[in-house]
Each structure stands twice: as structure tokens, then as C-alpha cells.
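Single chain ahead, by itself, as C-alpha cells, in the form predicted on its own.
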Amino acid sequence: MGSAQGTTNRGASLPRLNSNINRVGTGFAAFLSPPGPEVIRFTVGQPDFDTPGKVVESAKASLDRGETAYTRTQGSPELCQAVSEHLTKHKIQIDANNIVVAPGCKQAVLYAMMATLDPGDEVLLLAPAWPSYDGMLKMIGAVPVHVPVKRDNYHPDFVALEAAITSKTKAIMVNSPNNPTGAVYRPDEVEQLVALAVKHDLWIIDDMIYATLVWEDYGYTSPTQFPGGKERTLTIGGWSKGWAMTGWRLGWIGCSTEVANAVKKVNASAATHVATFLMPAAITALSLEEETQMMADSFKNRRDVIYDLLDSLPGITVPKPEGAFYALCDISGTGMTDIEFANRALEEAKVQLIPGSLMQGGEGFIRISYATSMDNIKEGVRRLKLWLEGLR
């Protein structure tokens, strides 16, 4: 029998996908695939420490108590209060009622964008910027505007920032300590960023995820400390980097009451809340000092070692990293593109790197993560040195 009328035509086309999706890149994914055991990896941006035992035990105890049901959407009152108190260590004053705990710092950044931006709004990114910012903005229909930082130290170029502002500019994204550059903006620079935002009536989205990992005496500086900064800044951070909790997916966002109410709506629709049994563990983490200081001291020591080693490589220029655990190296002196450099380093030197052109404004650079053992750092740079010297 012939097919009945109304039967679905299997050859018919499907509805189209979200038109923004094709504009979203995949970030570092192509260069993060685990290589063979013979390769030294300078790619993964996560601490090589285990989560502190006290944090793990706190989560276990919460499970044993049966804390697995729904709870307050923005996070328990105790957790939001702990975040608020933690932020005071960085001279940030945000009421606990205006704290929202999200499934990771990345999710918190997305919430900030969703709460403050409309399709077509432009957002200034200090380039090269972490590629997820670009992808998030494109997903919601906003427009990333990549403004190159100064090439000698990766700090903001205020002339370029001013020139990039249009009638559509709505926000500026700040990430200090910075991924991928390792730069930490000086207090006077943060004050100047705030003045720029006030002058042009911009939101400031401040990603402080690496705030506990600063190697300069002036430390992390919050935009909320300067006139006009507190009311227009969305402060975002999390537990991933400073507490070695990347897989726990816990982040926070703190802001004014009006913005916090908007973020709460986004979170309620998107995730309800983070896992209930993780909330006591997150509180425990924020109470730790000895463990987090040990990790920070270790990364500072590694920074010192890897900088001295990288600075001796032929054809490579690298400013001294000031925070986080990244070094951004200018490899243009080698005569190779960054993609060629990364591919050949993997094949010929057995060292895995991130090519900078995966980020707009990162052409001619490679990113190295020194969140790996001291032995790997020394051996990896030794291999690069032998390889590069053999090309001369």
C-alpha cells in the first residue's frame, strides 16, 4: 500500500538551529586533547593539586546528613554570607543577599551577560581575551569588540579602549589576574578603567577567578573600590583555581540589588541552584588559609623558574607573568606562525602548547600554563630550547 496522507516526509529539512551558534568558536578544544605520555603538557589551566581534604570531607558529611533536596536558589544563606565575608578580604563590600552562587565561574559570567546585555550591545574585551567571553557574547547576540592590550606588558591600552567605544558599547570585561596573559592590572589602571566606564555609562564585568594568585605586591584590585565603580560592577569569582576545585563547578556573582535580582531570575530558570551537598564544602573552602597559601606559594615559585627558562629561548619574548599560572610568549621572532609553532612543538619537541590565534588578537603568541610539576616545567622548556636551537 502507498503511504498514507500526512506521513512525515523523511527527506524534509529540519528547522534551523539558533543562528548565533555558527558564530561561536570552540576555544582551545583542538589543542587540549590529551597527547601520549611522552608529551609535556603546558596547556591545561587547572591546579595540579588535589582538592583540600577538609573540603572533600565536608561534602561527604553533607551527603551523609541527607542534604540532597532543593534549597534556596541563590545558594544557602550561610554560603552567601561566607562569600560576602570572603570578598571583604579583597576590599569588596557586597551584601550577602546580593550574592548568587552559580554552577561555575563561567556560568556566572554568562549570567552577568544575560542580565545586563541586549542583542546588538557591544562589549569591550582586552585582547587577547579568554575565548569563552567571545563565545558567550555571540550566543546571546551581543557583539565582542577586541581591543589589543599593550604588547610589552599586556596591560590596558587606554587610547585604544577609548577609540573602540561607540554608541552601542554597553560593558567592559575585566579579567585580572589575566588568562591568557598573566598580567595583573595596577590599582591606577583599574581606577582608570572605572573612570572610562563612568564616563561612557558602561557595566563592568569583573572576572576575579585568579584573585588569590597574584605575584605583584599591589595584589588584585577590585573596580568597586573607586568612585562610580561599586554600583556598575558585577564581581565574579569562584573556587576552581585558588582552591583546586575545577570539577566542583562552583562560582559566585555579586552586584547591586537591582542587578542581583535580575541574575537570580536567570539562575532560577537556568539551573535552580548548585548541588545542595556542595554548599557546606564551599563554605569550608573559604575558611582555609594554610592550604590555599601553600598552593599560591608553589605557583609563584614555578613562575620564577619558568620565566627565567623561557626568557633564554631563541626567538621568544615573554614579559614576566604577574599572576594566575600562565605565560604568554611572543614567538614572532622564530619566523613561525603560532599555529605552526604549536604543531611543530608537539610533533618535534613533544611539548603541547596553546596557539594564540585561537583568541582574536593573539596571533603570534603561544600560551603556556605552568600549572604542572617543576620537573615538567624544566623538562618541557629544555625540549623547546633544544628544538629551537636545532632550527637555527
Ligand SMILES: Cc1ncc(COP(=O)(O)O)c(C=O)c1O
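In this text the structure is predicted, and so the values were computed from the model without any measurement. When you see a residue number, it is the position in the sequence shown, counting from 1.
We do not show the form predicted together with this ligand, though everything after this point is about it.
Enquirer: Can you pick the one in 130, 277, 215, 220 that has a heavy atom within 4.5 Å of this ligand in the model of the complex?
Expert: Looking at 130, 277, 215, 220 one by one, just 130 meets the 4.5 Å heavy-atom criterion.
Enquirer: Between 250, 194, 172, 112, only one gets a heavy atom within 4.5 angstroms of this ligand in the model of the complex; which residue is that?
Expert: After the contact test, the surviving option is 250.
Enquirer: This ligand isn't shown here, but in the model of the complex, which of 241-249, 314-322, 227-235, 116-124 has heavy atoms within 4.5 Å of it?
Expert: After filtering at 4.5 Å, what remains is 241-249.
Enquirer: I'd like to know whether residue 283 contacts this ligand in the model of the complex, with contact meaning heavy atoms within 4.5 angstroms.
Expert: Residue 283: no contact with this ligand in the model of the complex.
Enquirer: With a cut-off of 4.5 Å between heavy atoms, is residue 179 one of the residues that contacts this ligand in the model of the complex?
Expert: Judged by the heavy-atom cut-off of 4.5 Å, residue 179 is in contact with this ligand in the model of the complex.
Enquirer: Can you tell me whether residue 207 touches this ligand? I mean in the model of the complex, with a 4.5 angstroms heavy atom cut-off.
Expert: Residue 207: yes, in contact with this ligand in the model of the complex.
Enquirer: Is residue 147 near this ligand? Define near as a heavy atom within 4.5 Å, in the model of the complex.
Expert: Because no heavy atom of residue 147 falls inside 4.5 Å of this ligand in the model of the complex, the answer is no.
Enquirer: Even though the chain is shown alone, can you say which residues of 95-116 have a heavy atom within 4.5 Å of this ligand in the model of the complex?
Expert: Counting only heavy atoms within 4.5 Å of this ligand in the model of the complex, the contacting residues of 95-116 are 104, 105, 106.
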